[in-house]
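Single chain ahead, written as structure tokens, the form predicted on its own.
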Amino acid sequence: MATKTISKKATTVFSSNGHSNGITNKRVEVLKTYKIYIGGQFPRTESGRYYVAKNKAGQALANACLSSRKDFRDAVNAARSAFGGWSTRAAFNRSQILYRIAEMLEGRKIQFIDELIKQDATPTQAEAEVNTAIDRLIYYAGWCDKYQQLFGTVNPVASSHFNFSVPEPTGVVAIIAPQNNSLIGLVSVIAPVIAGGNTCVVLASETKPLCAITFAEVIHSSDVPSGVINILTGKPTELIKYFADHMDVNATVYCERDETNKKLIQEKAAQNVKRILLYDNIDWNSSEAESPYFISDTQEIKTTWHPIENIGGAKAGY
């Protein structure tokens, strides 16, 4: 005699307010989608692509934009537009703005510590990194109106001239930030560049991007003119060649030890003879990572000759 099997379907019971009373009570977390920062705005990447940032345990932390070549071009345009106004600001005013960034970062200290812990730092390491980042901003705020005296000179010449050399900002600086930390490396490469009157486009850490875009939110509320600092997230392998060969970029900063990428940057930078700065052996948490010489790295030296009357060699007479 044949037997008939009756299968039971799983059902989900809903309460009167529409919420499920059924199988599971576990909530699906909504990950934050971090946007990029270009020209004082927070657009999504024009490519429409994103990736999921994860920590070492494989926990999904956030959605981050995969920036494209077009995003980089837009950021360079914003940085170039901002350069004229920023470079001619009083050094004291640039100092005030850097100090304001430090103040705003101090006010959101707990959030940054939490993000660093999510990205595998210990609580002690996270607090130390945030404190160092705040102190580093204040350090460079203090140098804004002093490095000119350190790196400027009056030059003795064997002719009837005053001859003096003064540092001037180089222009738009493209920065591939340190990839093995989230905050302190980013702050350490941005602060001296803008302290010297330059504008910048920064590619944040691919694996630890959380603090970078949160830092962009700090910048946005810190009186920094739009376009002075532009922050992208994404893959260095995709974008590094554009950082090196864009014809309206005046200097490129690279902070990793990859010899292939170093060679690529040096070759492509030759097209418009842009400066190449390789910070590949620096402990960004140490005191060696702060120096006025980081400011001078993105300065050009302008020498001026001013004619004077040679009184000592004049002939006697009336």
Partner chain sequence: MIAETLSFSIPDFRLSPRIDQIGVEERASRFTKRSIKTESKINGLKLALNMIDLTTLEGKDTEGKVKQLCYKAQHLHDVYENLPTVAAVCVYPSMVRIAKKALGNSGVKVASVATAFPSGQAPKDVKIRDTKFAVNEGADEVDMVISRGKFLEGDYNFVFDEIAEIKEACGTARLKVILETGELVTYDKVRRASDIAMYAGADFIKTSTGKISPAATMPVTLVMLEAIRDFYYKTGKMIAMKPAGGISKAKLALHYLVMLKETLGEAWMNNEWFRFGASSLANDLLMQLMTQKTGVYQSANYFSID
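Positions refer to the first chain, counted from 1. Just so you know, these numbers come straight off a predicted model, no measurement behind them.
Just so you know, the form predicted together with its partner chain exists too; it's not on screen, but the next bit is about it.
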Problem - Residue contact check: Lys70 to its partner chain in the predicted bound form, 4.5 Å heavy atom - result: yes
Exercise for the section: Report whether the minimum heavy atom distance between Asp248 and its partner chain in the predicted bound form is within 4.5 Å. Expected result: yes
Handout entry: Residue contact check: Lys118 to its partner chain in the predicted bound form, 4.5 Å heavy atom
Key = no
Exercise for the section: Report yes if any heavy atom of Arg100 sits within 4.5 Å of a heavy atom of its partner chain in the predicted bound form; otherwise report no. Expected result: no
Handout entry: Candidate from Asn272, Gln59, Ser287, Thr33 lying within 4.5 Å of its partner chain in the predicted bound form - any heavy atom
Key = Asn272
Handout entry: in the predicted bound form, the one of His220, Arg89, Lys241, Lys109 near its partner chain [non-hydrogen atom within 4.5 angstroms]
Key = Lys241
Exercise for the section: Spot the stretch among 279-287, 34-42, 62-70, 253-261 with residues whose non-hydrogen atoms come within 4.5 Å of its partner chain in the predicted bound form. Expected result: 62-70
